[in-house]
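Quick setup: one chain, the form predicted on its own, written in C-alpha cells, and binding and motion questions come after.
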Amino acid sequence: MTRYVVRRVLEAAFTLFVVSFATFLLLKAMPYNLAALSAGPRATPEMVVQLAHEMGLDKPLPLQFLFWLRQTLSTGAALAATYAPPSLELLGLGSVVAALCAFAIAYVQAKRPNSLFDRGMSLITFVLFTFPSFWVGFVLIFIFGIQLLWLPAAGPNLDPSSQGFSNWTLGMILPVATLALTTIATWTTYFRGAIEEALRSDYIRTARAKGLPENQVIVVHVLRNALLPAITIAGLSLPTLFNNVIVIEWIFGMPGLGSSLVLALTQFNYGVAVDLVVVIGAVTILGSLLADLLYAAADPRIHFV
C-alpha cells in the first residue's frame, strides 16, 4: 500500500509540473507584452522595462519558468486560500446530492427493470444529460428565484457566518441542485450496472436467505458493491465537475475559483487568470489522487498494482 501511495503521489506531482509548464508555454505564446499588460495603459516605457526585469522576462526561458513558477506558487496559494473553499463546498455538496439521488434511482431501476419508473427515469436522465449546466441554472433561477420567489436567485457569499447559516443554506440550494442535476444522469448509468450485478450475485441471495433485513442487505452488501464504481466515476468526472462549477459560480454570482477566473479573463488580467488555471489544475489533480487512494483503500487488490 505504501509503495502504491508513494507512486501515485509522485505521478500527481509530475502531472502538476507538466500542467504548470504547459500553462507557462501558452502564456509565452500569447501575442501580448505581459509586462505592459501588468503595468497598465498609463505606464511609461521605463516602467514597463523595470516591471519586465522584476518579472524575470529578460532572462533565459528556463530561468523565466522557474521565476514564474515561484511567483505562481506564492500568489496561487493566496488565491486558493481565498477562493477554493466556496468552490469545494459547491463541488462537495453537489457531488454528494448527485451520488445519493443516483444511487436511489439506480436501485429502484435495477429492482424493477422495464417498469414504468425505469423507462420514465431513463428518459429523464437522458434529457438531463443533454442539457448544459448554464441552461439548467437559468431555468432554476427563472422558476424558483423569479417566478415563485421561493429561493434567492444569487448564490451565497464566502463565509456562512457573515450572512447566517439559514441564508447561506437557502442560497446554496439552487447552485447545488444545478450541479447535481447535470451529474445524476451519468452517475445513474454506472450505479445501475453495479447494483444489477450485485442483486444477481450469490452473496445477496445468501444474505436474504439468512433472513437479513432488506435495509441491511442494501447498506452492507449492495451499497458496498457500488462503492468502487462510485469512486471511479467520481474521479473520472472531476474535470467535468470543475467545468460545471466554473459556469455555475458565474451564473449565480458566487465568489469562487470559477467566477474569479472568468472575471480575470474579462478584465484581461492574465496574470491572475493563469494563477487560477494552475490552482484549478492542482485541485483537480489532488482530487484524482484522493479518488485513487480511496479506491485502493476500498479494494485491497489494488495495493499490488
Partner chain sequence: MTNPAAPGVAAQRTSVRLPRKLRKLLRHPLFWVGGAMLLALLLFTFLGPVFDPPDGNKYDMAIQLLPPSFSHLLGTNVLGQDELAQLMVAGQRPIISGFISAIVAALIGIFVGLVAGYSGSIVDSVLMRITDIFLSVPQVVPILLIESLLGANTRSFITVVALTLWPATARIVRGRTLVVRQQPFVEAVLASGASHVRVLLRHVLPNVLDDIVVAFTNQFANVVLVMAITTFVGLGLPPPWNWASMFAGNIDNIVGGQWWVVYPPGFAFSILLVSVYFLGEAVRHALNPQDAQGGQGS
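Positions refer to the first chain, counted from 1. Computed from a predicted structure; not experimentally measured.
Heads up, the form predicted in complex with its partner chain isn't pictured, but that's what we're talking about next.
Peer 1: Whether L26 contacts its partner chain in the predicted complex should be assessed with a 4.5 Å heavy atom distance threshold; does it?
Peer 2: Result yes; L26 sits at the interface with its partner chain in the predicted complex.
Peer 1: With the partner left out here, check for me: in the predicted complex, does some heavy atom of A296 sit within 4.5 Å of its partner chain?
Peer 2: The answer is no: A296 has no heavy atom within 4.5 Å of its partner chain.
Peer 1: Classify S166 as contacting or not contacting its partner chain in the predicted complex by the rule of any non-hydrogen atom within 4.5 angstroms, answering yes or no.
Peer 2: Close contact is absent here: in the predicted complex, S166 is far from its partner chain, nothing within 4.5 Å, heavy atoms only.
Peer 1: Given that its partner chain is not shown alongside this chain, does L265 nevertheless sit within 4.5 Å of it in the predicted complex, heavy atom to heavy atom?
Peer 2: Contact with its partner chain, yes.
Peer 1: Out of 88-96, 118-126, 203-211, 173-181, where are the residues with a heavy atom within 4.5 Å of its partner chain in the predicted complex?
Peer 2: Selected range: 118-126.
Peer 1: Using a 4.5 Å cut-off on heavy atoms, which residues of 238-254 contact its partner chain in the predicted complex?
Peer 2: The stretch touches the partner through P239, F242, N243, N244, I246, V247, W250, I251.
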